[in-house]
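Presented below, as structure tokens, is a lone chain in the form predicted on its own.
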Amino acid sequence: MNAKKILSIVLALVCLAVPVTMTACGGSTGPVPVVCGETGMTEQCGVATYGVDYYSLGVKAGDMAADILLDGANVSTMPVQTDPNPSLYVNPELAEEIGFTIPQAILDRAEGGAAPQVTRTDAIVESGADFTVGILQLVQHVALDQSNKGFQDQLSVRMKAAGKTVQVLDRNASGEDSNNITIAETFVNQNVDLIYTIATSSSVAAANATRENKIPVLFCAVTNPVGEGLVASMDAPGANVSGVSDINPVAKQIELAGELLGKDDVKIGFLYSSGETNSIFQVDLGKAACEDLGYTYEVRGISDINDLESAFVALKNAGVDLVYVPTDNALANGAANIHTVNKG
């Protein structure tokens, strides 16, 4: 038996007998660190991120709505807002649970803590209000819920200060495009004064429903509003739609992955929903960042949350050092499942 054959047999026996984190045997047998696109998901399955605060984004949208309703601001000239300073957020408890140590230099830089909360007033009423606002939210999960809460809290404060009241019609599409369309058209038929939309597909539905009557539409949690055709540009929307984008610093998050791992030869695994254009956009940004940094990567898209386990395992088997999950509605709903699958 030649030396090469003996070596291959020995290696095969090692792969079967020795549990290691990352080997030449075909990937990972244990948990890998996860970096998410936003802090809400990081609380459930990630170790660290530079994340936008969705409550703060909602507050920004509440101010924009008040400017339109109370001061007559023209939505077509209102620049799309973003979070200018995403915070470094760490989750040392979860890191410890998967056996990963966050470098002390990152822990020292972490800002931690949630954004200050606005105290809601009694200016939101059930009937007889000065204004009616319809809220169309794609699905219920922590990030989108915070966008909703921040909006209502800040809108109520601005209304109270102006001596006005507002009725809020809060509707959830349960993740269904058909529900998005129905709810948007219902708001148009009710002749609401403004529609606030949360997530990309809900925003597109409201924009389409208001093409003729031009009811102001303000969106939140839309990653690529220009690419989705919602606005002509970030600085000059140009029609009846503007809002607050949740675009996160993808390149900075990919760079953070290298800092977490403490090495330059990093292999990133991208996990995303193939049916969400916002996720595809972020993954493309992430791949470009990897190429700039000299990282390699593997990509797995899922069409359904039921594909989560097989996709995650495939990434680990491909030998990735870390998994990156963008701000993705389906995966945000399944963030706890990501952690469960990662732990094995």
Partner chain sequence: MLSFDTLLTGACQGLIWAFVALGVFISFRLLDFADLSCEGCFTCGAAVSGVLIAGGVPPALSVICAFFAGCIVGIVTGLLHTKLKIPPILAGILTMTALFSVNLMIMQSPNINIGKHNTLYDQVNGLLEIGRRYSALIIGVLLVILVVYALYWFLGTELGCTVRATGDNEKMCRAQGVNTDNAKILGLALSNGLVAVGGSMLCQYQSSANSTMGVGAIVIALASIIIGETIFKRARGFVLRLFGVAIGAVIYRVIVTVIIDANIMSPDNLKLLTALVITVALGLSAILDSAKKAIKHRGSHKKGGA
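All figures in this text were calculated on a predicted structure; none of them were measured in a lab. Positions refer to the first chain, counted from 1.
The next section is about a form of this same protein that is not shown, the form predicted together with the partner chain.
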Taking Asn172, Ile181 and Glu276 as the candidate spot, are all three within 4.5 angstroms of the partner chain in the predicted complex by heavy atoms?
yes
Name the stretch: of 157 to 165, 80 to 88, 204 to 212, 244 to 252, exactly one has residues whose heavy atoms fall within 4.5 Å of the partner chain in the predicted complex.
204 to 212
Give a yes or no for Gln140: in the predicted complex, does one of its heavy atoms lie within 4.5 Å of a heavy atom belonging to the partner chain?
yes
Heavy atom to heavy atom, is Leu308 within 4.5 Å of the partner chain in the predicted complex?
no
At 4.5 Å between heavy atoms, is Thr186 in contact with the partner chain in the predicted complex?
yes
Does any heavy atom of Glu228 come within 4.5 Å of a heavy atom of the partner chain in the predicted complex?
yes
Of Ser127, Thr119, Gln190, Ser233, the one that lies within 4.5 Å of the partner chain in the predicted complex (heavy atoms)
Gln190
Exactly one of Ile280, Leu70, Val32, Cys290 comes within 4.5 Å of the partner chain in the predicted complex through a heavy atom, and that residue is Ile280
Sequence order please: the residues of 41 to 66 with a heavy atom within 4.5 Å of the partner chain in the predicted complex.
none
